[in-house]
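Single chain ahead, written as structure tokens, the form predicted on its own.
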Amino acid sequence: MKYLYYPGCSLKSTGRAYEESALAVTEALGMRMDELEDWNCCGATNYMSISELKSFALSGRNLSLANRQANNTESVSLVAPCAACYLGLTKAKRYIEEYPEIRSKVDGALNAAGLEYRDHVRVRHLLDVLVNDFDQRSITERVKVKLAGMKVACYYGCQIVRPYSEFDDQHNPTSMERLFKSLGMDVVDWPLKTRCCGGTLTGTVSEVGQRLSYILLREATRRGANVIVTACPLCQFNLECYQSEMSKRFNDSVHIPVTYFTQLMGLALGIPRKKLGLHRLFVPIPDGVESPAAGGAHVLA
């Protein structure tokens, strides 16, 4: 299987730590991901709300580039760590392939740019790849650091499993839980793991957006979690970066680390904190939570 990495806009900016940790983890697992050459915005959010067709054309270009970079083979996965990118690319692929009138218009735009759309590329989220393309026992055997006392709340957000549920259940996904159990961590059971964090409301109608995020943080804490892991740059941003404002607004102390799932996974694999982008967190994971796993090295640098 050939993997091509689609970073999207967020992982080159506000989600930089996600890219750092994703590439570090895949490297540690021996997985090669070449970045998609000359990629462009997937067309999520603004484009999607203004013109779906333009959004499909933007994603169609990325899919065509992936097909060309893979030499038109039929076994290439375009891996998108960002939830919005994953959904945007998946939706575009489905609409292009299922609706002839959309296919015709997208083909026209791509042909004008010297590109051709083919149905060979499979769009996948990084979580799907790490859970389903790797034997979980082999991941367990790679654990070098025991994260003592870490109680993890796995947060999927709205877009990874809805509406398409390509690799997990729409209402009760379990991929992250299974992954972190294989890494030897305690996983907290909570019912809000697919509830919206507020999305872009935090920047438009802040009281509403922050309240949605606050409900998630409060419930995770109430259920005993001391870290939340997510697979979406916007979710991570909303849940972490407004905690001081939420504490004041709702008269409640809110203070819990919110990491990308690849960051916490990387810690367990013994990857140095800085290589995982953990120094970029506003609410850091405390020092001293790591201890050597049986037979493993202890890496803190």
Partner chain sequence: MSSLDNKHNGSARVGVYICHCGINIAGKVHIQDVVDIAKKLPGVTVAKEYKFMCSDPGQEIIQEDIKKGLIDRVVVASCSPLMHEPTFRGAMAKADGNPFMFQMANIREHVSWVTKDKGLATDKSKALVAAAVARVMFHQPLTKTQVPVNPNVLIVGGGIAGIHAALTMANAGKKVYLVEREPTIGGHMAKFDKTFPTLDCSACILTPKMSAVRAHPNITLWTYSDVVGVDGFVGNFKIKVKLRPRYVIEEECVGCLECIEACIFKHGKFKDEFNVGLAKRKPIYVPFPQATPLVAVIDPETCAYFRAKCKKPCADVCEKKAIDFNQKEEIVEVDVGSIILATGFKTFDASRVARYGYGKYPNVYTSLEVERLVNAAGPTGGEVVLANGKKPKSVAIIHCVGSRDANSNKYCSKVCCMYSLKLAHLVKERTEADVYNFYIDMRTPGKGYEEFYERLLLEGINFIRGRVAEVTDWAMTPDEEEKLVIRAEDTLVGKVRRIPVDMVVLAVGMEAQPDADDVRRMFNISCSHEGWFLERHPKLAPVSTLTDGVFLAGACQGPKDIPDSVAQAGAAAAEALALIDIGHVELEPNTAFVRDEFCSGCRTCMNICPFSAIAIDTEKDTAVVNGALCKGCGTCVAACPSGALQQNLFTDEQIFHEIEGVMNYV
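Not measured: the values here are computed from a predicted model. Numbering follows the first chain given and starts at 1.
Separately, the form predicted in complex with the partner chain exists; it is not shown, and the next lines address it.
Contact check at 4.5 Å (heavy atoms) against the partner chain in the predicted complex: all three of 169, 191 and 218 pass. Checked against the partner chain in the predicted complex, the residues 103, 93, 144, 195 give one hit for a heavy atom within 4.5 Å, which is 195. Only one of the listed residues (151, 118, 223, 178) places a non-hydrogen atom within 4.5 angstroms of the partner chain in the predicted complex, and that residue is 223.
For the chain shown alone, residue 122 is not a contact residue for the partner chain in the predicted complex, no non-hydrogen atom being within 4.5 angstroms. None of 208-216, 153-161, 85-93, 131-139 except one has non-hydrogen atoms within 4.5 angstroms of the partner chain in the predicted complex; the exception is 208-216.
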